[in-house]
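A lone chain, given as structure tokens: the form predicted alone.
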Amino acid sequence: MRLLVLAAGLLTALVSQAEVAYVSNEKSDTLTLIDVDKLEVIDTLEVGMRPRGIIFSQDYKYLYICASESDAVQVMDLATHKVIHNLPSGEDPEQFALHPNNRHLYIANEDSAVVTVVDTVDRTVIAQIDVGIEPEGMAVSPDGKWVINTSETTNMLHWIDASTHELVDNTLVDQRPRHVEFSKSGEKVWASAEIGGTVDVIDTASRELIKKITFKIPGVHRDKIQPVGIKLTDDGKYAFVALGPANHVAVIDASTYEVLDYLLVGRRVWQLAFAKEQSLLFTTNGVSGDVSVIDVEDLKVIKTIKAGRYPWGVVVKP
């Protein structure tokens, strides 16, 4: 009996060490869990209404979930996969970013044109910052100094001082900026413009444009090329950009800004996440209701995995 108990405990420990991808499905109000080693669905969890943005705490104890139509940020205990409480989030939270201090959560409230700052420990709102119309994308610089919000209708990046929670500058970009991503060093910011069809690379120190990247896919009308999610490899080699209803992910040389390739994935590709030390890239494909898996070295799609209805966000627990 003792041996059986020890064996069961060992099996549990091995399972808990496996990488797992968490996918938010905005129309089925669920999370799909995927075993990264086997590339198979292992569980489906019910959560709040219209889950979109998802992010881990720095210690991977909790998963924060933007339940947009529940007007809440839910906190899931990753040891039990149970939602343990809600954080005050403001109206219609869509995307958010967690400060490196693992405490302050910056939430974009699309309907009320503010960024809400929540203390995740005290579960209190510590600031609300007026930004442009329809705020969406959120990012915090690696050094914790800057918070950037994108506003879809105002077409700007809003620069917020994380120490004072004050808006200090705005950068004009192309139409409907959806997502913003800092480079690993924090020296550059990449921002996608969904309607503009471009990605702007901006110098963090000067907040000036370095490069505007455009896309052209043979056989795909330019109106369907709508950049959204962005992921940058830590080694500075590649930038990957989800191109929405163009159903492709663009591969960009992150040093020259040249578009190297377009990878065909599922329909209306939205967000992206790395796995297995950035050797794999997961994409959420909303309309086709699945996840594509890309081999980063070979730049090839190696598998498609069925998810829930309209998968939106994806994060991977190492």
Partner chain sequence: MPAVANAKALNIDVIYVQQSSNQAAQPLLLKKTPGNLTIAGAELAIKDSNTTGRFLKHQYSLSGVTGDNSEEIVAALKQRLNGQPAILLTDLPTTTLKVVADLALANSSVIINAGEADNNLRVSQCRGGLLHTLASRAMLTDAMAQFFMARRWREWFVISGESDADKAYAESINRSAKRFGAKITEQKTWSFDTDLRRSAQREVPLFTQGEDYDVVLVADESDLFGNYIPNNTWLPRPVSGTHGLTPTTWHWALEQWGATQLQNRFYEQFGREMLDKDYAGWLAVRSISEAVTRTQSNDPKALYSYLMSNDFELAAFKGRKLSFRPWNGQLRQPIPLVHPKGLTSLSPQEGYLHPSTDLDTLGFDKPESRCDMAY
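Residue numbers count along the first chain shown, from 1. None of these values were measured; they are calculated from a predicted model.
Separately, the form predicted together with its partner chain exists; it is not shown, and the next lines address it.
Taking the partner from the other structure, its partner chain in the model of the complex has a heavy atom within 4.5 Å of a heavy atom of residue 156. In the model of the complex, its partner chain lies farther than 4.5 Å from every heavy atom of residue 122. Among residues of the shown chain, residue 79 is not one whose heavy atoms approach its partner chain to within 4.5 Å in the model of the complex. Using a 4.5 Å cutoff between non-hydrogen atoms, residue 131 counts as a contact of its partner chain in the model of the complex. Looking at 183 to 191, 95 to 103, 215 to 223, 228 to 236, the stretch with residues near its partner chain in the model of the complex, meaning non-hydrogen atoms within 4.5 angstroms, turns out to be 215 to 223.
169 is the sole member of 169, 71, 143, 161 with a non-hydrogen atom lying within 4.5 angstroms of its partner chain in the model of the complex. This chain appears without its partner; in the model of the complex, the one residue of 118, 138, 173, 246 with a heavy atom within 4.5 Å of its partner chain is 173.
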